[in-house]
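Single chain ahead, by itself, as structure tokens, in the form predicted on its own.
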Amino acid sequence: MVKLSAIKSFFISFGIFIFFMILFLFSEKRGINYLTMKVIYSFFLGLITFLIFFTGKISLYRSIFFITSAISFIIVYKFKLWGITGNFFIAPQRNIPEVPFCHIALTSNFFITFFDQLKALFLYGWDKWGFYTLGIVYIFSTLSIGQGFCSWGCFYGGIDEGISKILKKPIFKVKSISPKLRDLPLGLLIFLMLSSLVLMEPVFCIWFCPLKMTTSILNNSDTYIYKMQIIIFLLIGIIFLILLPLFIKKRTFCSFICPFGAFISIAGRINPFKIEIINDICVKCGKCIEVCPSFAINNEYKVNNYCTKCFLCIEKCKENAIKLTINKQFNVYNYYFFILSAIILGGTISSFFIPEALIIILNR
């Protein structure tokens, strides 16, 4: 477990603060109000970094940052959509990308995305097609923190994580599930990629994504289809984003519905950071299986590729039998490298909406 003195923690967190201050000073062009909010945001990231290293409670303060990011994302894009259309749910035209860097959409529509990226590359230059070239960010995240993106960088994942934190104890205890059931998102991902290619439409966005309730509905031309969308979105959202996370304290949308979670469970295998259980130390108490929010630890005490590196199991293990390793090798510096990479990546992504959410809140 990473835990440093106050002085060391301060210097590391001050470095994070300075990094983001320099980044924002050179990149923010929208005026003093936005720059002020980004200064506050830089301080927030520095504070989160300090608390992680000083207390050693990685999962707790990661979760605070993660949930804050998701709430801010919803605030910003809801109000942007309202400003465009006067409506929180209806996009002004079919398939408008009002959320310009949705990694879930990019993954579930992979073949369409790839085709459009090639078109952008040859016709416009890759830097002229931001909606697709931002996919480079997710490639980088796979190389830097792998599946950890789902617990540090995903601005949707904080929704069901936040719901799962409401109750102190689960109403229904579900410790583990069948590996075949846990692989369900992989089958869904394959289906979505192929069906989107055949129909040349974002099938997941149109029919399965309850998160469209936080942005806009893509189809508003057919009343019957629109009503069907609403019903399906509500059912999936209520069950997998609210009720199941609340009752069993697990991230069920991320575990069973999200195509990006399935994609990065495969792509993330190239990432050197792994959470591993040391069998010689482990006493098989089952606490790690119980607390894992993504069903990533099976009954044989093996960590599978769905682990999102939230560090909750490490915090809860009284025997200190769970480690963050690089290529099977444990070193305390593994934590430093991973946490700093995760904060820089997650902080950069969240900088697109947390400071703006502060402005919206203050103006209201």
Partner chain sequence: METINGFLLGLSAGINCLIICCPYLIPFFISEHRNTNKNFGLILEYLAGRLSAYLIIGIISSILGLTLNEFHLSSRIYSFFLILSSFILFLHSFGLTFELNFLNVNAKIVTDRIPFLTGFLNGFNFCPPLIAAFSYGVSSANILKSILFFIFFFFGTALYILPFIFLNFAAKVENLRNAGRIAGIFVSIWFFIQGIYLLFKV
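Note that the structure is a prediction, hence the values are computed from the model and not measured. Positions refer to the first chain, counted from 1.
Beyond the structure shown, there is the form predicted in complex with its partner chain, which is absent from this document and is the topic of what follows.
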**Prompt:** Should the three residues 247, 315 and 322 be counted as contacting its partner chain in the predicted complex, with contact defined as a heavy atom within 4.5 Å for each?
**Reply:** no
**Complete:** Testing 26-34, 301-309, 62-70, 47-55 against its partner chain in the predicted complex with a 4.5 Å heavy atom criterion leaves exactly one stretch, namely 301-309
**Asked** residue 188 near its partner chain in the predicted complex, any heavy atom under 4.5 Å?
**Response** yes
**Item:** Heavy atom of residue 269 within 4.5 Å of its partner chain in the predicted complex
**Value:** yes
**Message:** I'd like to know if residue 283 sits close to its partner chain in the predicted complex, meaning any non-hydrogen atom pair within 4.5 angstroms.
**Reply:** no
**Message:** So in the predicted complex, is its partner chain close enough to residue 276 to count as touching (4.5 Å, heavy atoms)?
**Reply:** no
**Prompt:** Tell me, which of 174, 199, 235, 166 has a heavy atom within 4.5 angstroms of its partner chain in the predicted complex?
**Reply:** 199
**Message:** Give me the residue from 143, 230, 194, 243 that has a heavy atom within 4.5 Å of its partner chain in the predicted complex.
**Reply:** 194
**Residues from 234-262 in contact with its partner chain (non-hydrogen atom within 4.5 Å) in the predicted complex** = none
